[in-house]
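What follows is one chain in structure tokens, specifically the form predicted on its own.
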Amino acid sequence: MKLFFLSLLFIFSGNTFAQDPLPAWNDGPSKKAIIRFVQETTRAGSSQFISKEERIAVFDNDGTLWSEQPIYVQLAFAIDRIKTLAPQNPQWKTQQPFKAVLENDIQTVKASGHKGLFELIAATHAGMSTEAFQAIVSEWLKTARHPVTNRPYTEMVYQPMLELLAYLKSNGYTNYIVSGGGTEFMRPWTQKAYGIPPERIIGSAIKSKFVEVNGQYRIIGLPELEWINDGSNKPLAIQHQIGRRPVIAFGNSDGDQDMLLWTTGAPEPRLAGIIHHTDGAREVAYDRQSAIGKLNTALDLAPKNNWLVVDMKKDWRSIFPAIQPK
């Protein structure tokens, strides 16, 4: 009899654990709102039911799915590439933002924003095929380390957001990344890191051309910006590449607010959330005054538009995935 009750206890406790789709989230208003929304929009017969083809969820990347402090990961990559290529480009010694990179003036580089970042990316990608560029990104990520934690950048992803992506996918939602980061920079690793394939990456881009070289056909990057996927450009990019208004949207900065406004600007049901970086002990606390991931006007708009404000310190039981033993 004792063994029977122990077995029941194991079964019920196991089911309880299995039924929690977001174990890295603390039991609070944010977690409850997310689970309630997903249950209501996927349950047949519900007044909030959304057909599977309309279940579109969009996520910013930097600061929403992985760490963006002390600098954007792609900026760290661009800095390394500029220093490698500098001997072949002596004009960079006097040309910004290259001059700031070569002088290790990171504050000036940060101040140049996404435009400055993509000037660096365009310069380092110019004359290179998309395959070659993505191979360089993949190789760089194998050895590059976060300057504070010394973990690989692909381990600086947020465990609660990985769970959210998996939870949505298991309930028929299609996840997209809509980021200010470069499309070609993200495509080599997002499938492995997030389970989001390259065709669902919507980011910034440089101009390119289709060419034939010795009987081989290539797409070659040009040293010019095509599109910076930030602010009001995010809804335009979503419409252009997806063709459906998202049902769910998550971001972390003012650069995401137009994406959230557009998502929640349609009749309900809609869910939008802001990841608020409040945990200075386990990550970095920043918002209104930050040079990277500035969250000011979007934070003010959140209560007016019924957006979730996910407080990292209060809402997340853990921030990053557990370090796996080598």
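Each residue number is its position in the shown sequence, starting from 1. Fair warning: this is a prediction, and the values are worked out from it, not measured in the lab.
What comes next is about the form predicted in complex with another copy of the chain, which does not appear here.
K.L.:
Heavy atom within 4.5 Å of another copy of the chain in the model of the complex: which of G127, P147, G172, P197 fits that? Just give me the one.
P.N.:
Checking each option against another copy of the chain in the model of the complex, the one that comes within 4.5 Å is P197.
K.L.:
Here the chain is shown alone; which of K115, K93, H240, K83 has a heavy atom within 4.5 Å of another copy of the chain in the model of the complex?
P.N.:
It is H240.
K.L.:
Given that the partner is absent here, state which listed stretch (151-159, 98-106, 138-146, 210-218) has heavy atoms within 4.5 Å of another copy of the chain in the model of the complex.
P.N.:
Looking at the other structure, the answer is 210-218.
K.L.:
Contact between R245 and another copy of the chain in the model of the complex at 4.5 Å, heavy atoms?
P.N.:
Close contact exists here: in the model of the complex, R245 approaches another copy of the chain to within 4.5 Å, heavy atoms only.
K.L.:
Considering non-hydrogen atoms and a 4.5 Å limit, does another copy of the chain approach D258 in the model of the complex?
P.N.:
Residue-level check for D258: yes, a contact with another copy of the chain.
K.L.:
Whether A132 contacts another copy of the chain in the model of the complex should be assessed with a 4.5 Å heavy atom distance threshold; does it?
P.N.:
No - in the model of the complex, heavy atoms of A132 and another copy of the chain never come within 4.5 Å of each other.
K.L.:
Might E226 be said to contact another copy of the chain in the model of the complex, defining contact as any heavy atom within 4.5 Å?
P.N.:
Judged by the heavy-atom cut-off of 4.5 Å, E226 is in contact with another copy of the chain in the model of the complex.
K.L.:
Looking in the model of the complex, is another copy of the chain within 4.5 Å of a heavy atom from each of A272, T297 and L299?
P.N.:
None of them does, since no heavy atom lies within 4.5 Å of the partner.
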